[in-house]
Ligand SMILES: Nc1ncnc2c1ncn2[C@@H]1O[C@H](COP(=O)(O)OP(=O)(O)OP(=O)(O)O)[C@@H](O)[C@H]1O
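A single chain, nothing else alongside it, follows as structure tokens in the form predicted on its own.
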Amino acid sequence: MEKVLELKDVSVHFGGIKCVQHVNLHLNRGEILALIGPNGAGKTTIFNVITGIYQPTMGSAEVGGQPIAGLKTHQITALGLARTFQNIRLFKDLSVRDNILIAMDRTAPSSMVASILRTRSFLAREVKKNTAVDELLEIFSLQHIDEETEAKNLPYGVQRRLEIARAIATGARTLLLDEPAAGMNGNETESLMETIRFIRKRFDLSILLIEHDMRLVMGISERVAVLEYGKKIAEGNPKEVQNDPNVIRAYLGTE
């Protein structure tokens, strides 16, 4: 299988604190892989390595077979990778549509001259972009939100959906979701599961997610990897991981 993302013996140390230790992990094309573990296990640190926020102390990370050491976050995004955050990071004073349009500018840039003169090619691109925005709004059930409503005034669960839509709008083919179900009720989580399945197929996505909601993890993941104290202690299909003694001990403190 084609690996769209791979970590090779990655360690991340901050002084004497070893947040991640010798982690090997890969994501196959078209796959949904969940990364789980107790709080403080190193999951978000892994995401920060993949997106260039942190540099590994040892080991390497690759996106689409290309090493990303030293690349800026926007350069990694240009390789087709985007993420959401545990703490939502939207353009809070902008509308839903404008949040998505800004993300699309990465894949459909226009020169300043063209935008000022409103050239035929510029207008054609704008029509295409807005059509794509309309599709994302419908997929994520955001189409009924008033155009003047600022993102900061949206309910928490709606902001979550908008953040995922914006990540897809960058043209991503590999999507990292950091606790996408956080703050959602049961019905919202169920809807999110269906949405993730749909966008995986519709946009040919490969998805790596961090999540504490085990119903979501076990319901949509082909594989699950488990971290504890920065080390990978288990990996396999959901049923294998669920019954792994090391995982049971890590979560329940029992043998």
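As the structure is a computational prediction, the values presented were derived from the model and not from experiment. Heads up: residue numbers just count along the shown sequence, starting at 1.
Keep in mind the form predicted in complex with the named molecule is missing from the figure; the text below concerns it.
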Taking heavy atoms only, is Ala41 within 4.5 angstroms of the named molecule in the predicted complex? yes
Report yes if any heavy atom of His212 sits within 4.5 Å of a heavy atom of the named molecule in the predicted complex; otherwise report no. yes
Contact flag, Gln86 vs the named molecule in the predicted complex, heavy atom cut 4.5 Å: yes
Residue-level contact is defined here as any heavy atom of the residue lying within 4.5 Å of the named molecule in the predicted complex; does Ser206 satisfy this criterion? no
4.5 Å heavy atom contact with the named molecule in the predicted complex for all of Phe14, Cys19 and Tyr54: yes
Please pick out the stretch from 43-51, 58-66, 218-226, 197-205 that is in contact with the named molecule in the predicted complex, where contact means heavy atoms within 4.5 Å. 43-51
For a quick check, can you give me the residues of 144-180 that have a heavy atom within 4.5 Å of the named molecule in the predicted complex? Glu179
